[in-house]
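Next comes just one chain, in structure tokens: the form predicted alone.
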Amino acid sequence: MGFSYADPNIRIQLTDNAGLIKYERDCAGQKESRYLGRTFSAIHILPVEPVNLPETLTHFLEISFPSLLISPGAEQTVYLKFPVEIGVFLESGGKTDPLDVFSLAPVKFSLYGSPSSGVITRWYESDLYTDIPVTDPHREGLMSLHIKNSGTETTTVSRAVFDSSSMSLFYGDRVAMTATMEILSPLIAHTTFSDTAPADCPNRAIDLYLARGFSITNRKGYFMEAGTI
């Protein structure tokens, strides 16, 4: 079986090598090579939850952005960019297994909350957009975030933290996901994901958690209890 994919920054190929299949990947100089000892019917290269590199240290994604003031009862939809990680999957016998994950996006981590009770997050900084900006789908996706202030105080928002185990990633003309943030007070907000595909991104990505055989118990989102700034 032979397969190859190449663009200026990413090269993937499968070659027949003395009865074994050799997998080789070069992502901007980051290389991976291994032999595959079984046959498969298809290969899929798709975006995955951006919390897997350089290893799975956290399942929380934190996006920081310029401060936004939200009045009580107000609602605002904005767009945020997020890092894209790319997964390679092999399909065989009706089952899809992950083979490799790589990314062109820089990897940074942060701590949300206190050292004793906070969580490590995959951290990414984004501008704030009210219209859909141009994105490089190999490096960045676009999140539509609907913010609602259900509290009684005007609140400043400059970051959002998400539990990636409940993410719904879609792809098409771009990589996309849709999320909500409900502000309950200046110290507490609740973030969730929508399972509805954007019109220009009709394809649902493979859920890496499920592909790895993990069960997903949290579909209720994440409570940010250390503030929104």
Partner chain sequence: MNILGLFNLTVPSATDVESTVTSDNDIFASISPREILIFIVGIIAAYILGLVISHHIRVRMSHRLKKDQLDILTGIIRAVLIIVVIGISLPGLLDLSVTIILIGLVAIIAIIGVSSQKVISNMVAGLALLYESPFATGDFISTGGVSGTVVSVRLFSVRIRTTDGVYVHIPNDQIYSTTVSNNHANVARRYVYSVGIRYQDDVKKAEGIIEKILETYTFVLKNPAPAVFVSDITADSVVLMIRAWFPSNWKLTQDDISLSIAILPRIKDALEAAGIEMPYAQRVIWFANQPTIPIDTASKQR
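Numbering follows the first chain given and starts at 1. Everything quoted here is computed from the prediction, not taken from an experiment.
Below, we refer to the form predicted in complex with the partner chain, which is not included among the displayed structures.
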Taking the partner chain in the predicted complex as the reference, which of Val88, Val107, Leu104, Leu128 has a non-hydrogen atom within 4.5 Å? Val107
Verify the contact flag for Gly94: yes if a non-hydrogen atom of it lies within 4.5 Å of a non-hydrogen atom of the partner chain in the predicted complex, no if not. no
With the partner left out here, check for me: in the predicted complex, does some heavy atom of Phe82 sit within 4.5 Å of the partner chain? no
Does the 4.5 Å heavy atom contact test between Leu111 and the partner chain in the predicted complex come out positive? yes
Does any heavy atom of Ile120 come within 4.5 Å of a heavy atom of the partner chain in the predicted complex? yes
Hey, of 65-73, 50-58, 184-192, 161-169, which bit sits against the partner chain in the predicted complex at 4.5 Å between non-hydrogen atoms? 50-58
